[in-house]
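The chain that follows stands alone, in the form predicted on its own, written as structure tokens.
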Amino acid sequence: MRSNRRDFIKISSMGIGGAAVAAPAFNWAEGAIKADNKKPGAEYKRTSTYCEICFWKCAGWVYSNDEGHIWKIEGNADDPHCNGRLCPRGTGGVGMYNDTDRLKTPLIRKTKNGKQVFEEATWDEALDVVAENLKKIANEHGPECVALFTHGSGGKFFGDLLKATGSTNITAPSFAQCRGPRETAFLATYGEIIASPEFTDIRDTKCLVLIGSHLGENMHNGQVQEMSEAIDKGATIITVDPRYSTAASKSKHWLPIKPATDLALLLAWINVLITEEWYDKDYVERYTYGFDQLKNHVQSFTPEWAYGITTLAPEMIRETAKEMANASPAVIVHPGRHVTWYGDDTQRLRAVAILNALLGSWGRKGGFYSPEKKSLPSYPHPEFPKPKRTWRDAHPGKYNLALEVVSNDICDSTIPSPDRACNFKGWIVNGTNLISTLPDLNNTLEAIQNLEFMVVIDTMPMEITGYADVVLPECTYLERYDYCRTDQHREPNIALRMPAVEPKYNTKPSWWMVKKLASKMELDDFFPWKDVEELLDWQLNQVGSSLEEMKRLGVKKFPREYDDLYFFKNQEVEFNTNTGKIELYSTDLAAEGFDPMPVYTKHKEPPPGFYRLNYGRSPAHTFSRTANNPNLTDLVDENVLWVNPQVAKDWSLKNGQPIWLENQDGVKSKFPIKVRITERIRFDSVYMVHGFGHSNKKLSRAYGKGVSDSELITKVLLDPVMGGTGMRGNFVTFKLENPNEEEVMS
């Protein structure tokens, strides 16, 4: 990498605390509401919100007192996402509001005495710098040379701003780093993506198969509730995982599979269903294309063949296949969420989609229902200019089956290369810490050094803010309006988020920032609404509601347009595929030169003394965004390393012992992690929760707590179909003493 043009700047205490501080509603030392905030007979105002802690976006009610302090958050009983019950993260959302480490005022990068520093700025000054730089890039290189990385509701406003300039390069890392292979695979099979929340009919299922899907730890609220309901009704749970997860503990069958061999198991299950004729013959004949090709394709993939790969006994493979068949069609082989593992992930998720088709679960009660959503129209504005180039022009013909902009490809295309016709010059980063989100940190940092301008919008001083030219402090979701939630479910519904209290400090909502930037960039015509309340009220009026009504209801349900939650018996269905059928043989993949049916590929195994690095989720946290939340750190404040007892014995490790990790490329963890010795993990793997090991000291609760798995993921296994970044091909070994010559701090 060349010498840095953009140094990492530590945000000073002035940078995050120079503005006046509102009195907190909670006494964190005591972990309770201050007595003077809960006066006898005090009136509490109830306002509607939907949660921003994770993508499930449960609707709730925020209670605040007459002094403008938030007391608590409860679920909205009318919300199908949560049924009135929030998870620990949702109830702990008030911690985001009260976090004293929050970004508090705009910051601009300046050079003083040869050193790069952040200076506090007024909003007008900061937005002037953003507008000037975005216009400069547009004039010199074209607006298409600016990209938006976004995670969160406020990103929709910045997406509109980018489209108004003439760029559609809007990317959510959740596609290429999480769910993309699933969406691509199911679209190729059924002509439909899974989206969010997943339309799995778990409450009525008789058999739920979880293959690397950690329900109960990832806290997908509605699914966890429905899984509990299904268990109470006697449903069979089958969990495939090298770790005895929470879901595995609730399962009839736990299959402790050898990591990186999941596709072999899926192919063996397909083989058994076809060979034993346990598949849904009428469904397959009526709705699918390519069954004969599939039957020939899987002939050799027997349970005995899979045993030598997966270490799972053939009788266990047959028994679990029979459990699925007995429950058919009320069976779900869960498509998962974070599915970017080994680089052949689209093909692995194709096998999941095919299994569900053979079992007849798509469109059937207890399988996959047909979701519906209530869309809100866009506020009238001129047509956005058509971009002259898109992200695909940097790599013509690559990732043609990717449904969304591939974030890591934007990163790659920011680094100048003689074989690229264009590269990105500016990034807008909204609510996503790319330092821990994108794999291959060195590549991300090199891309950042080649930018002409980067603005970061966030609520917290995450690591990415230290590389920004301008930092814009966003108020939390509890202090702002956003676009209404219109996600799919069994019933179409909309949910309102409105401010419960005034924004703390000198923070602003994204809609306000975008409205101001549009004015400075002469793009007012694309944002003709006076304020966000006028925008929302107009949208809601178009569907027979109003902002006033939604303030009262929080969530409004609408009747389904058609009675098509499930297929009718013998219903003729045309799928949105090339053949109009469920494609067991994918014509889309074949046309792009990929295997039309899944093929198992052997993956690299750990070298001697190394163990596969597996990572996952905690029910108390969402990625790295909550690691500093004062409410949630009270529950879990660091991650630990799961180590098999035999491995611990070989290394003379003790429970609670702090150790450092080093990966296969010699990258060492900045901080130590404590050992947890447990039989619940295979001998060839270790496991930690993602999102810890923060290196920014301004995250006072999260700094140095545990290890960041992201820094150890230097080997990325690219999915050639859609560009997903497989991150489970990394291995680590143990260092019993600090291997860093000096403390590495950011």
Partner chain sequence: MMEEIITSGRMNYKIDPQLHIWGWEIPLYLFLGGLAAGILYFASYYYLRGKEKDMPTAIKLAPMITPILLVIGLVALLLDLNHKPYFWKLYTTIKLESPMSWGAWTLMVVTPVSIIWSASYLREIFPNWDWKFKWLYALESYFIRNRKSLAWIMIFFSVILGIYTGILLSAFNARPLWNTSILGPLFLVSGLSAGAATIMMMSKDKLERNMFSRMDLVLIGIEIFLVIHMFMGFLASSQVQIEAAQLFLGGPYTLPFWTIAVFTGMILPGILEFLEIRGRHIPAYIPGLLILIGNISLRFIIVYAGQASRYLY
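This structure is a prediction, so every number in the text was calculated from the model and none was measured. Numbering follows the first chain given and starts at 1.
Just so it is clear, the following notes concern the form predicted in complex with its partner chain, a form of the same protein that is not shown.
> Does at least one non-hydrogen atom of residue 717 fall within 4.5 angstroms of its partner chain in the predicted complex?
Judged by the heavy-atom cut-off of 4.5 Å, residue 717 is well away from its partner chain in the predicted complex.
> Using 4.5 Å between non-hydrogen atoms, is residue 647 touching its partner chain in the predicted complex?
Outside the cut-off, so no.
> I'd like to know if residue 66 sits close to its partner chain in the predicted complex, meaning any non-hydrogen atom pair within 4.5 angstroms.
Output for residue 66 is no: heavy atoms all beyond 4.5 Å of its partner chain.
> Would residue 679 sit within 4.5 Å of its partner chain in the predicted complex, counting heavy atoms only?
Yes.
> Which of these stretches, 543 to 551, 456 to 464, 384 to 392, 631 to 639, has heavy atoms within 4.5 Å of its partner chain in the predicted complex?
Result of the contact check: 631 to 639.
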